[in-house]
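Here you get one chain, nothing else, as structure tokens; it is the form predicted on its own.
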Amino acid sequence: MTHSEVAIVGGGIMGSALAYWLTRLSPGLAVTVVERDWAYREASSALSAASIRQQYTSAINIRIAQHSIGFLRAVADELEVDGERPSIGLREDGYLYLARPGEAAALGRAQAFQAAHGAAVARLAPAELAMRFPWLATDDLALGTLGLAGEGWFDGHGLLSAFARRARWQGARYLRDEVTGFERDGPRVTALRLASGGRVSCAVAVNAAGPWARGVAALAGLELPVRARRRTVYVVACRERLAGCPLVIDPSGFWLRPEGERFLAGFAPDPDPDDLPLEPDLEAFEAQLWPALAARIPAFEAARLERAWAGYYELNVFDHNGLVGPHPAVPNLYFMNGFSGHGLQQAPVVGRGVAEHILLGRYETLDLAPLGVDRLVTGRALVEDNVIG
């Protein structure tokens, strides 16, 4: 048996960001992270397309993005270890949302909401879209919105590795094991039981298990509306260069962004069952994605699929927003789950917020109460309309 003040289930981006902030804000605090997949072969943060945006319809998500981009810009200073300064290749080339006539009013309202909350997002009429992005087919479009600052993409695996390395350097202990149960004293968790037969006693436990969060919550007798939904990321080669290409969100449902000399693309499948094997859906590229890409960007008529991989979205089917903080029924069991595709970009801020709440009993840097787990009990949904993929 080992003892830890805070025991974290899952060492992906959320668990490692929390371990980093706990050991930074409270040096010497005993923090244990239990992670079964040390190579992160199935970790969503390692398999993500890794992007950040401010084009949300929830004020809390906009505020988190505005804080998080500052951390990503300064990541070399924040996560330096013994003179090694991590680089995550941050590119702030923006998101471009596109809308057809029936969708333009909603997109326009979203842009006005974002601007009112300090996000630099421009409205572009079809003629402006055609002038700025001549490679784009605009005949069926009525509006576009483009992030001018604080939006783009980065190396998600690099960020995860940097958080975990710095957390270890600051004293966090990582165990290669799997949590099989919680021990309780009344409503409070007192220890984690491990597949190896060991135990980690703790004052606070945290569920940061990503797509597997529902199963971890069930070990404590709690229902969590988080599902593992497979998403395929396609690596596509195109002979033409698309000058000034941002991350494109098409009304047909696909997304696309540059990645060096190539492009990453994907879409949300329909139907979308839970827990599919992590094998890329190659047939869907030719049947669904390629025709949509070529219709919006004619240069992709000659595109070529080079490779693909699959990862899980930890989809919160209740309202598509993160579930953060202590559970009302188990007050020392914290949750960092269900971010529905935007967890990687929110981890720097959510990790700090949960660390503050554990250490101080309150949020200090940014109030994350709107994402509280208590809304599952009260039925108070915080709906995010701009969910990608």
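Start at 1 with the first residue shown and count on from there. In this text the structure is predicted, and so the values were computed from the model without any measurement.
The same protein also exists as the form predicted in complex with a small molecule; that form is not shown, yet it is the one meant from here on.
In summary, among the residues Glu78, Glu178, Glu128, Asp155, the only one with a non-hydrogen atom within 4.5 Å of the small molecule in the predicted bound form is Glu178.
The contact with the small molecule in the predicted bound form, taken as any heavy atom within 4.5 Å, belongs to Gly311 out of Gly150, Pro258, Gly311, Pro86. At the 4.5 Å threshold, heavy atoms of Thr32 stay clear of the small molecule in the predicted bound form, well away from it. The small molecule is not drawn, but in the predicted bound form it has no heavy atom within 4.5 Å of Ala19. The small molecule is not shown here, but in the predicted bound form it comes within 4.5 Å of a heavy atom of Gly343. Not displayed here, the small molecule is approached by Ala208 to within 4.5 Å at the level of heavy atoms in the predicted bound form.
Contact with the small molecule in the predicted bound form holds for none of Tyr97, Pro246 and Ala292, as no heavy atom of theirs lies within 4.5 Å. The candidate stretches are 58 to 66, 36 to 44, 323 to 331, 23 to 31, and the one lying within 4.5 Å of the small molecule in the predicted bound form by heavy atoms is 36 to 44.
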